[in-house]
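Two forms of the same protein chain are encoded below as structure tokens; each is given separately, as structure 1 and structure 2.
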Structure 1
């Protein structure tokens, strides 16, 4: 008994060892792709499906601002294979030599992309050589239905007048206003609101835009680029100038919490910025092959539709639209109609000098110094 038991033990032991060795070999051999994407920006099932289909393991990290991503990329050796910068940032990073050209022969699904989006992003990436669109959206107003109605019953919510007219902003002060802390996202939209060229680099134009903000500045509780999501959802503020997806996220959080707050996103009729988050592969990516496989997988219509259905953002994939939930596809705040689409503008990156003067102007607006 003892003997056989012992023997079995040995056998089991050697089996375990063999399995471990096999696993070790498999692990060394297992292909992986390291993805660096925005937080709360994918349905995680997609990652599991990708691994199931291709056998490539996904290491998935998240960031919450373009600046953080850009700093990692510019420092070099980030170790990521697929990153997701926004258009203007992508353009500058291409200039800095951060990315490699995509090998289109490995991206057969690229035929599913939406020309409307591909043409627009060509200003950042001429010829669409370095990147493909993941999601896109707009910047606009998020507001608390009841609180706005109570204070400004006659003011339409589909215009930037709601926030940018000082008399309106003054009435909203007590319930709370937040604005993105990002010069490049806010000032061009105000230029458009004033009927000026949103891409203007003229100091005089920029100062006119700054004046609009300075007039309502005393009524703004805070300039911040992420706090408004929770603040809107919890009813701590009643209006925010922010990104479409974030505001829609606040709306669904409020709905889930059943706290009595109804949040809406308004895409103002004056027109606003259309931004694009782009999939790109750094030059020093350790797994180029796998990066292409991942991007190609994301361009499958049913896969990217699943992502859009989960995060409520529009994507740049035309073929995916038949898989997108009606409630999202028909929502003008996410997929604007033809006429609204025409009013949306694309931002070009600033050169270093304009960037500095814009940031300086912004600091003056925000801190009063």
Structure 2
């Protein structure tokens, strides 16, 4: 009996060790893809579905400014396989050599992409060699219908005058104003608002744009690139200068909460920026095969449509439109008509000198010093 007992113990120990070793090998063999994307920018079910279909684990981290992403990319060794820079940053980063060309033989779903979008992003990525569009949108005004009517009943909501005229901003201070903490998304739009070239690199023009913000700076509660979503939805602020999809998310959240706040997105008549967030693979990505598998999965029409339906952004995949909720597809603030598209400008990348100048101006505005 003693022998048998010892034998059982030895066998159990051997099985436990074998199981542990097997698990260790399985864990070591499990493929993964490391993704670095914007916050609040995907339906997490998509990640689960990707792993279920491919067996590839997704390690998913988020950021909320292009500058944060760029710092990691330029430093090298970020450890990420798929990143999502905005167009003008992508262009500069391509020139800096931080990305590898996509292997399109591993991206059969690239045939689903929308020529209108692909042609526009070619400004940043000639030949569409390094990146594929994930989402695109505009920058504009999100506002609380009742609070704006109460304070500015006679001011049209389809113009940037609503925010950029100091006398209007002063009347909105008490109910809260937030602005994107992103110089490259705000200053070019103000240049357009002033009737100047939104891609101007002239110091005098950039200072004119900065002056518009400085004039309303005392009335701005906060510069932030994501907090305005919940702030609008909860009625904590009455107006925000932000990204179209974020504001539409705020509108959806307010509606779902039935909290009495009605949020609208205004694509102002002066025209505004059309931006693109792109899927790209860093040159030193540790899991290149898995990166391509992830991008190809996202380019499935029904998959990227699920992302658009969740975050209320337009995507660069034409075939996906038959899977997009009608309320989103027919919303002119998300999918603008031809006439509106013509008023949307594409921001060209800044050279290093202009970028430094813009950064200095922005820091002065944000800090108020």
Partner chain sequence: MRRWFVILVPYLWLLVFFLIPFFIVFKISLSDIATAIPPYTPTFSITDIGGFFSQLDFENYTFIFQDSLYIGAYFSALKIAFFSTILTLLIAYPIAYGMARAPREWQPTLVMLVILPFWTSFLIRVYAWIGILKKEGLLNLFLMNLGLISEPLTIMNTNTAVYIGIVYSYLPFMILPLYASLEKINPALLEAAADLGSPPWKSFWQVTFPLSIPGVLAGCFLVFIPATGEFVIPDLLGGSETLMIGKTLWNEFFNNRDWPVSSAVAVVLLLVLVVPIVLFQRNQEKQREAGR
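All of these numbers come straight from a predicted model, not from anything done at the bench. Rigid core here is just the name for the largest C-alpha set that superposes within 1.5 Å across the two forms. Residue numbers count along the first chain shown, from 1.
By the stated condition, namely the form predicted alone, the second structure is the one that fits. For residue 283, the Cα coordinates differ by under 2 angstroms between the two structures after the core has been superposed. After superposition on the rigid core, the Cα atom of residue 103 is displaced by less than 2 Å between the two structures. After superposition on the rigid core, displacement of the C-alpha of residue 74 between the two structures stays below 2 Å. Taking the core as the reference frame, the CA atom of residue 357 shifts 2.6 angstrom between the two structures. Lined up on the core, residue 174 has its CA atom moved by 4.2 Å between the two structures.
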